[in-house]
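Single chain ahead, written as structure tokens, the form predicted alone.
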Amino acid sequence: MLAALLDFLREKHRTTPTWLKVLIPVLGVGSLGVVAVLGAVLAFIVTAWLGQPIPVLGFDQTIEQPIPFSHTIHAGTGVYENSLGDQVQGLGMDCTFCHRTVTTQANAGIPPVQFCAYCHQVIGKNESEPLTQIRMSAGIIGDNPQPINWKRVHRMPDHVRFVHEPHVRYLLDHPQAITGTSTGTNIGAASVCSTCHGDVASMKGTVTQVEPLKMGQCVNCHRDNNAPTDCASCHH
């Protein structure tokens, strides 16, 4: 039977036109390509509504900053290791100490380099590379002060309008709506940040986006808290 099958295949190979021999594998590879493209499109649609971007093509939410900044040491309350390997006590600073406009404006605000230098012109060892970079940026050492181009971690599409102030105010008035916890300060506005940003005070090294912050999550939160869900509330 095997010999008969081999003879049949040889005959088919001899009589099959060359163009068909080429077309069959091309169609097979093309079909796999179509499936791959459709799968990628489906994954994009799902993550666009529910989850974070797929960590490829530069969409990874772990972003390296121009100067390493330790949220654990500044905002945390435990004992942490600094850039020199020394054990230091966390300062437990309130988020609003640096992000000063979060309770009054749309954005949370990023402090200028002089704000950082106000403390670090005297605090911190000279051997620390991150502090050296800050002092150089502030003009404390060297003669070429430069602003620090901090990179944004939590992003939303340009057509989405998000204002921090009413969200912080609502959560302060309705603490039962706060989700997540923080190993840092939990008094005042800092107590609500974990709802969207997670436990930033425990993030060693770089800050990462832990919540999807996509339309599905926002709409569900608005519904749960009797907030408006019409398009104009969030979209330009």
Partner chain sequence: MTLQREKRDYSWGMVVDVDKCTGCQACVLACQAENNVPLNLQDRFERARAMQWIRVERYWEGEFPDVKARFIPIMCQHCENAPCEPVCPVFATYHNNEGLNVQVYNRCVGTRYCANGCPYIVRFFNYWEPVWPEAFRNHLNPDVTVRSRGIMEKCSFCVQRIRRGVRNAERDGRKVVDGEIQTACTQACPTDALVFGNFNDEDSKVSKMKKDDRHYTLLPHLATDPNVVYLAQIDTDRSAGESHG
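Predicted model, so just to flag it, every value in this text is computed and none were measured. Numbering follows the first chain given and starts at 1.
Below, we turn to the form predicted together with the partner chain, even though it does not appear here.
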Of G78, P166, G142, P147, the only residue with a heavy atom within 4.5 Å of the partner chain in the predicted complex is P166
Identify, from the list H159, R155, K151, K125, the residue with a heavy atom within 4.5 Å of the partner chain in the predicted complex.
H159
Of 191 to 199, 65 to 73, 166 to 174, 205 to 213, which is the one stretch near the partner chain in the predicted complex, taking non-hydrogen atoms within 4.5 angstroms as near?
166 to 174
Quick one: name the residues from 201 to 236 with any non-hydrogen atom within 4.5 angstroms of the partner chain in the predicted complex.
D230, C231, A232, S233, H235, H236
